[in-house]
Every structure is written in structure tokens, then in C-alpha cells.
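The chain that follows stands alone, in the form predicted on its own, written as C-alpha cells.
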């Protein structure tokens, strides 16, 4: 993306903040609806905080796994055990807007990872599933070579975005 000044960059960061909020809630919603996400998140050590951030001072979103619950912490500061940092807002926007899949973004080194790589790979698998719930089918078919099968419809997933926590044990909500 071309650089058109500080206003454009500020707008991109604001857009990324909105998408991070939806993505943060989307992981929780997917954990409520899909046992594959719950199984992945259950493998994260108890007390783990996972953060997605845009460098250097961009927005972020964090989750914590504690006591069998996945909680979306929002965009505030959190001590991250796993920190995934996009190198710039321009590197993050294609992924966040559904122009590129999470697998391709990581393959193109658009982000750096600090922390347990097993948890990072688990997060990538979870985000792959979350993309299937949040993006419309036409976008999913374009960006994902092998989209994950949805276990619930888009409307049910969008409705579950209101929740900030998901129990990792038990049935779907």
C-alpha cells in the first residue's frame, strides 16, 4: 500500500483497532461454537496471555486462558506470554480486511513471534477457523485454499460476538 501521509496511516490504525476488537471477540465466539477451537486453546498453558499487536504503536488485542476459560482482554496493555507483532499497519491490513489469509501472512513474514511456537501455531490454526466464521463465504473461498468447515452459521457466530469469555469445557452455547 502506498503511503499517503499521517492521516491515512491514522485511519488504517483506527480500522485495524476495530478489526482487532471483532477478531478478539471472534476467537471467543468460535471457542463457544466450535470444539476444534476449544481443543486448541485447551492446549495453551493455564494463565497464558496471547497478544496480537501492530508495531510500533498500533492497536492490539489480547486473550487469556485461565481456569478453563478463554477471556478476551481487549486492547489494553497485558503482559503477553505469546506476542505476535505485525511489522507495520500496512502489513496487517491485508490480513485484517480479508484480502489475505492468516496462513499466507505468516508465510510472507509479515509478523514476528515472541514466545512458545507451539502456542503460536495453535493460534494460527484457531485464526484460520475464526476467519471461516467471520468472513462471508465469497471472501473465505478467495483467501483460504482449504477453508475450515463451519460448525455453526454466520449469524450464530456474529451473535456470539457479544461474549467476552468462553468456557473451554462442555457443550456449545
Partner chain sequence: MIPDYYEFCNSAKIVSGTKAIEHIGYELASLGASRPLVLTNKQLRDLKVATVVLDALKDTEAEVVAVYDDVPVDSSVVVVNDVARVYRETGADAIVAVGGGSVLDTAKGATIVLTHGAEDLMEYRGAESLMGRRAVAFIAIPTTAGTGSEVTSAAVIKDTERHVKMGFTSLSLLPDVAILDPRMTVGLPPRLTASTAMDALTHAVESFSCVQANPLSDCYARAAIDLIREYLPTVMADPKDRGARLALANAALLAGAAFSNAMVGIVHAMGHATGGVADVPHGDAMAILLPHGMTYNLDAAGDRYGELLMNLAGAEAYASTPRDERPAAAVEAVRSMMRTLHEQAGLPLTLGEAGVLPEHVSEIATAALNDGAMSMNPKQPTYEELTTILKDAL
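Positions refer to the first chain, counted from 1. Here the structure is a predicted model, which is why all the values come from computation and not from measurement.
Here the subject shifts to the form predicted together with the partner chain, a form of this protein not shown in this document.
- Comment: 109-117 is the region of 46-54, 27-35, 109-117, 135-143 lying near the partner chain in the predicted complex, near meaning a non-hydrogen atom within 4.5 Å.
- Contact between residue 69 and the partner chain in the predicted complex is not found at the 4.5 Å heavy atom cutoff.
- The partner chain in the predicted complex comes within 4.5 Å of no heavy atom belonging to residue 42.
- Heavy atoms of residue 73 never reach within 4.5 Å of the partner chain in the predicted complex, leaving it off the interface.
- Taking the partner from elsewhere, residue 97 is found to have every heavy atom lying beyond 4.5 Å of the partner chain in the predicted complex.
- Taking the partner chain as positioned in the predicted complex, the residues of 121-135 that bring a heavy atom within 4.5 Å of it are, in sequence order, 121, 122, 125.
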